[in-house]
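First comes one chain, alone, set out as structure tokens in the form predicted on its own.
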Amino acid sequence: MATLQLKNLTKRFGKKVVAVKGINLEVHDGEYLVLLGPSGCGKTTTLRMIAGLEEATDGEIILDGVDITDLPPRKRDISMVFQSYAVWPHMTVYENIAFALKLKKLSRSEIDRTVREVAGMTKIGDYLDRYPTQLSGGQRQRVAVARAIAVKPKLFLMDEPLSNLDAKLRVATRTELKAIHNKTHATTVFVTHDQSEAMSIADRIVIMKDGEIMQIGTPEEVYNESASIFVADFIGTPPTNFIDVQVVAAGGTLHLVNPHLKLPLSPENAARLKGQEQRNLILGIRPENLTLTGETEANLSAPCLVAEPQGSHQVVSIELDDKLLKIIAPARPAVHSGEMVHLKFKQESLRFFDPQTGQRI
């Protein structure tokens, strides 16, 4: 276990492409940190620089107080699990796990004890005599994880290790990975573009865009206190609804107004927007914070465009000025296309964003 610090870490490809733009980040001892972002945001390049597979253009990589920026990969005391499993097909599961331990010149009994211990931890103890071609994708990925754990590195790196698995197996395997982490308490940096995956396993999430860090926080913080429109839109399924509004003073309080909406603000929200009268803002509200209600209590009414049953709930969509708004509603009563939908906004869940900067107000 170890701490990791990235100081002004930068990666340029040629003169024009800056893949990682001077990021600063600290990974705590025993933490499960997830780098999350869309394709091309720099998360995998960051991971590869930590591993030594990409040379850093500028900045420092400090592992447990030691500068490893210029060390070759084999001297960094880091294990990496790849998207493609990267297990050796000509070796049995036992031999795959034992290989790195033999290079460390451990005794035969210590190698055997370690292999069987990590095989049990990753639930592949029954497959030690099999070859990778005789295993499913999920089993092969567990072999790769077991091999990484066996050498007891200071830091684990995982580059989208679940992306080659089918949807059901991905969910099961990410639970297993979190359970393994809870047993080993190993410092881990995990890369994914799947926000659901990140939310379910991370201690903290680092959200990246265009080579920069947009926000760092716990899953609850980045979900409930998104720092920008980008983060609020990227995190959550369905994503946050955004509505263009103007702040208007009327009847002794502030209202959010547009052609479809006149929403009086609670005292708490009115205090937050004090001095913002006549300003145009973007209102953000998550689908679960819009509730179906009666017509007299509604803040907004519109016909249902489509309703998508999901078993435990339904996702109801309405259209306002060519923008879709989605509502997560109870499964019953079922809402039908064309039916008038009456919505009430949960005041404690309203978020306000600057339309110019995209940052939260």
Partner chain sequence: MNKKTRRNIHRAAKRTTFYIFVTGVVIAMLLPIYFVVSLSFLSTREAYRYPLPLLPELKIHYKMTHGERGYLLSVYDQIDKEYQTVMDTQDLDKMSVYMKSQLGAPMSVSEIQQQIARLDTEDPIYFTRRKNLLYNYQTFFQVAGTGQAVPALIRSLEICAMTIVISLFIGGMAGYAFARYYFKGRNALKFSVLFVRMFPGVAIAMPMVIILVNMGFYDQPIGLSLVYSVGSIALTIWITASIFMGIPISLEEAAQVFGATKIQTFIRITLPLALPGLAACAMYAFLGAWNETVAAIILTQFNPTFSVVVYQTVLGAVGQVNLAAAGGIVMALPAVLFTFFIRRYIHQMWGGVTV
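Positions refer to the first chain, counted from 1. Just so it is clear, the structure is predicted and the values come from calculations on it, not from any experiment. Whichever C-alpha set is largest while still superposing within 1.5 Å between the two forms counts as the rigid core.
This protein has a second form, the form predicted together with the partner chain, left out of what is shown; the following refers to that one.
Asks: Using a 4.5 Å heavy atom cut-off, which residue among 73, 239, 267, 137 comes into contact with the partner chain in the predicted complex?
Replies: Checking each option against the partner chain in the predicted complex, the one that comes within 4.5 Å is 73.
Asks: Just to confirm, with a 4.5 Å cut-off on non-hydrogen atoms, which of 271, 250, 103, 179 contacts the partner chain in the predicted complex?
Replies: Filtering the options by heavy-atom distance leaves 103.
Asks: Is there any non-hydrogen atom of residue 142 lying within 4.5 Å of the partner chain in the predicted complex?
Replies: Answer no; every heavy atom of residue 142 is more than 4.5 Å from the partner chain in the predicted complex.
Asks: So in the predicted complex, does residue 200 come within 4.5 Å of the partner chain, heavy atom to heavy atom?
Replies: No, residue 200 is distant from the partner.
Asks: Taking the partner chain as it sits in the predicted complex, is residue 306 near enough to touch it, meaning that at least one heavy atom pair lies within 4.5 angstroms?
Replies: Result no; residue 306 lies far from the partner chain in the predicted complex.
Asks: Against the partner chain in the predicted complex, would residue 175 count as a contact residue? Criterion: heavy atoms within 4.5 Å.
Replies: Result no; residue 175 lies far from the partner chain in the predicted complex.
Asks: What stretch, of 290-298, 312-320, 47-55, 329-337, brings heavy atoms to within 4.5 Å of the partner chain in the predicted complex?
Replies: Selected stretch: 47-55.
Asks: Using a 4.5 Å cut-off on heavy atoms, what residues in 72-95 are near the partner chain in the predicted complex?
Replies: 73, 74, 78, 79, 80, 82, 84, 86, 87, 88, 89, 90, 91, in sequence order.
Asks: After a rigid core superposition, would you say the CA of residue 291 moves by 2 angstroms or more between this form and the one not shown, or not?
Replies: After core superposition, the C-alpha of residue 291 moves less than 2 Å between this form and the one not shown.
Asks: Relative to the superposed rigid core, does residue 91 relocate between this form and the one not shown - that is, does its Cα move 2 Å or more?
Replies: Passes the 2 Å threshold, so yes.
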